[in-house]
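One chain is shown next in structure tokens, namely the form predicted alone.
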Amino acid sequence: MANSAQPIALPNPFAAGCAWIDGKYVPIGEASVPILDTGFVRSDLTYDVASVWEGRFFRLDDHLERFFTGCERLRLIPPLTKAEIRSIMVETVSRSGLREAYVEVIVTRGVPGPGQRDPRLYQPRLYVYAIPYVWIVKPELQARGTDVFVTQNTHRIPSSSVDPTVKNFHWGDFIRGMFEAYDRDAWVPILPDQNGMVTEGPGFNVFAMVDDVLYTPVRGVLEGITRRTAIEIAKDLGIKVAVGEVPVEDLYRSTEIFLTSTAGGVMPVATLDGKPVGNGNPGPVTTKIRDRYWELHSDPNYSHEVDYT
């Protein structure tokens, strides 16, 4: 009699996330970093984060282009080519089976030899991982808009000290700002610079509608891929966009505010320092840009389908 037993499907060891370290793919829970890696002990690194939505990478090549530009500005030489890193990023998602994923690539200066302090002698190290998609502002909060606080005691690290256009882990000012926001029952902080100009918040850019113009800061910020997408969408919709200096005072007379990030997309703001922005609900400009942003994730001109087979 023939054996009709069906093969047993084993659980995917990468289901919670997949990492690539030292040439190997490992479950995210087994991924580790050498304790002497200068990325860990000195924050001497750069990174980038791409997203996967409904099984498609969004603007992956744009993220990689920015990543390699950041490496060049820090005089870091990635140990693999752009095409090789791209392939690894896609493979981490494919192995995980995640249809919505947060995919990070990191290059550190490396691990120094005994007593070595000359960073020119280090060998850069590459880390890649994919985990379930991360939301800065949870979807249920986005439906009504999030609560934002402009920090009063914390200013953004000056651009002359840390280049904000290169993604980094220098989050001391952001973490301090987050506690300021939490102490005032807000969800996220916006940090001004020393001159009272709006910069950004922990992992996101800021947009504000003021006098029928959509403003976003030009200095002291990461040039986010989601920020770029929002600007492009706004212009396509015929909305006037100004990339320039944004005084904090302008936030308080804005009719709409939204935040942009790979981790959350276009995120409406309901209150600023406890007071409603506009009527306290996501505004028409924010809603149009947000809807179009998510529509683009299925557009083959902007996205790349992952092969999960």
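All residue numbers are counted from 1 along the displayed sequence. What you see is a predicted model; the values in this text were computed from it and never measured.
One more form of this protein exists, namely the form predicted together with another copy of the chain; it is left out here, but the text below deals with it.
Taking another copy of the chain as it sits in the model of the complex, is residue 70 near enough to touch it, meaning that at least one heavy atom pair lies within 4.5 angstroms?
Flag for residue 70 set to no.
Does residue 31 reach another copy of the chain in the model of the complex, with heavy atoms at most 4.5 Å apart? Output for residue 31 is yes: heavy atoms within 4.5 Å of another copy of the chain.
query: So in the model of the complex, does any heavy atom of residue 40 sit within 4.5 Å of another copy of the chain?
result: Output for residue 40 is yes: heavy atoms within 4.5 Å of another copy of the chain.
Q) Would residue 108 sit within 4.5 Å of another copy of the chain in the model of the complex, counting heavy atoms only? A) The answer is yes: residue 108 has a heavy atom within 4.5 Å of another copy of the chain.
Inset, instruction - Kindly indicate whether 45, 134 and 172 are, all three, within 4.5 angstroms of another copy of the chain in the model of the complex, using heavy atoms. - result: Judged in the model of the complex, 45, 134 and 172 all sit within 4.5 Å of another copy of the chain.
* Asked: Pick from 80, 178, 197, 141: which residue has any heavy atom within 4.5 angstroms of another copy of the chain in the model of the complex?
  -> Filtering the options by heavy-atom distance leaves 178.
Discussion item. Only one of 91 to 99, 157 to 165, 206 to 214, 220 to 228 has heavy atoms within 4.5 Å of another copy of the chain in the model of the complex; I'd like to know which.
Written reply: Answer to the contact question: 157 to 165.
Next on the checklist: Where, within 48 to 68, is there a heavy atom within 4.5 Å of another copy of the chain in the model of the complex? Residue list please.
Outcome noted: Contacting residues: none.
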